[in-house]
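Quick heads-up: it's one chain on its own, the form predicted on its own, in structure tokens.
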């Protein structure tokens, strides 16, 4: 009886060295060349218009509200890193497919690459401030990627019947390969392919590091900021007494350090703005159009003010809120020079990256300290918080007021213009909702029975917190002890002593403002005008 011989298993190295795998790797390396060449050249043009960031910024522009909320809820201030990671994965998958397609049908593969390049160029040209020359890095990167893809694909072995390599990678007369393209007289070789792939990967790594170093060296904003000395304010902020901090250990600092201040905006890459050539145009429904330079602001009578800013996407109890000392020029003085016309009710502010915000005109003209900020916590504005100039407006969510990298103020009407997020279903006016937040103990904490220190922060910008109340389970509301208030535009901290008994308990907090009004219990999602409800946590007492 004949005994069949067992099927030989291919070693892992042979499986990984298959033609499809090599072709996919060729696609990935070619994509890396596209991006790295464009990034490197982009440092000499407009770096925020290179492929990855032009695509990402366009994606952000068209992101529906539900997806934006999900990204912020899931990743918080890491939403942009998550977006870049997702884009990198998507590009890698597409690059694999295009590599295999180019191996099988070169003309189809290169057509796909050209199509992707065309889409990227369209994204570049639609970005704010883009010029025709800004497409050159993307175009050069695309051409370099096609050349590398061709070189690598030609080295991928082509197998005929029985899995044996075809002579010269050819299928017959005419010198045409299985892909229908002439591949030259030399046969494909896995060894030669991986050698070329290794050199290509090394070149990609060098270009990536070189692009980052060159970009940092050429960053005019970073250099100018480090050399900038802020002027002394004409009106200094009041001193902060120690009593502003809650007596409960673990409560967040009353003054949020710059590095810890939340950042939520639409800029995938922080703009590199030359403060020396920066200018702010104030125009629209005004009697006199004016233009301010950065030096004009530094020479003006600047004021210091403590203002708490909050993101409209902040959930109940969330951390997308921070308090800082700001230095800037009151916007009411700027608008007084321009003299808005009767009927105007909104100021449309525009960032250098095209983002817009709609701010009620009367809010910028009243006695609150709405400013054109140039400093934050005794330093020039950090780059990722709006350097050289941003808006800071007490009492309004950031999406309608806190425009970073500001370049334009248009006095207009709500009936005539819509801002970036208003066009996407958010409200056109965004007053901050009063909120009390439990910070100690944390959600799901386990604490010993007996006296437990409870504490947190509450805010009602431009109104002021007059009380905070705490409830344990369904018991009576008890008054917490408030820390000292510095200004109604800044948050206020609180502390509470709880005699805890063993078991599982719910703690909730609510704020009192305007000397009697109680924060609403009604639960609301962030869309369209901010979350509301009492912050509630569950703790276990042992």
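Residue numbers count along the first chain shown, from 1. The model shown is predicted, which means the values in this text are computed figures rather than measured ones.
The discussion below concerns the form predicted together with a small molecule, not included here.
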#### Entry: Segment assignment from 349 to 357, 280 to 288, 133 to 141, 118 to 126: heavy atom within 4.5 Å of the small molecule in the predicted bound form
349 to 357
### Message
Taking the small molecule as it sits in the predicted bound form, is residue 328 near enough to touch it, meaning that at least one heavy atom pair lies within 4.5 angstroms?
### Response
no
### Query
Hey, in the predicted bound form, does residue 262 get a heavy atom within 4.5 angstroms of the small molecule?
yes
### Query
Any of the heavy atoms of residue 309 lying within 4.5 Å of the small molecule in the predicted bound form?
yes
### Task
Answer for residue 387 alone: is it within 4.5 Å of the small molecule in the predicted bound form, judged on heavy atom distances?
no
### Task
Only one of 403, 323, 246, 461 comes within 4.5 Å of the small molecule in the predicted bound form by heavy atoms, so just point that one out.
403
## Note on the structure
Residue within 4.5 Å of the small molecule in the predicted bound form by heavy atom, from 266, 427, 223, 377, is 266
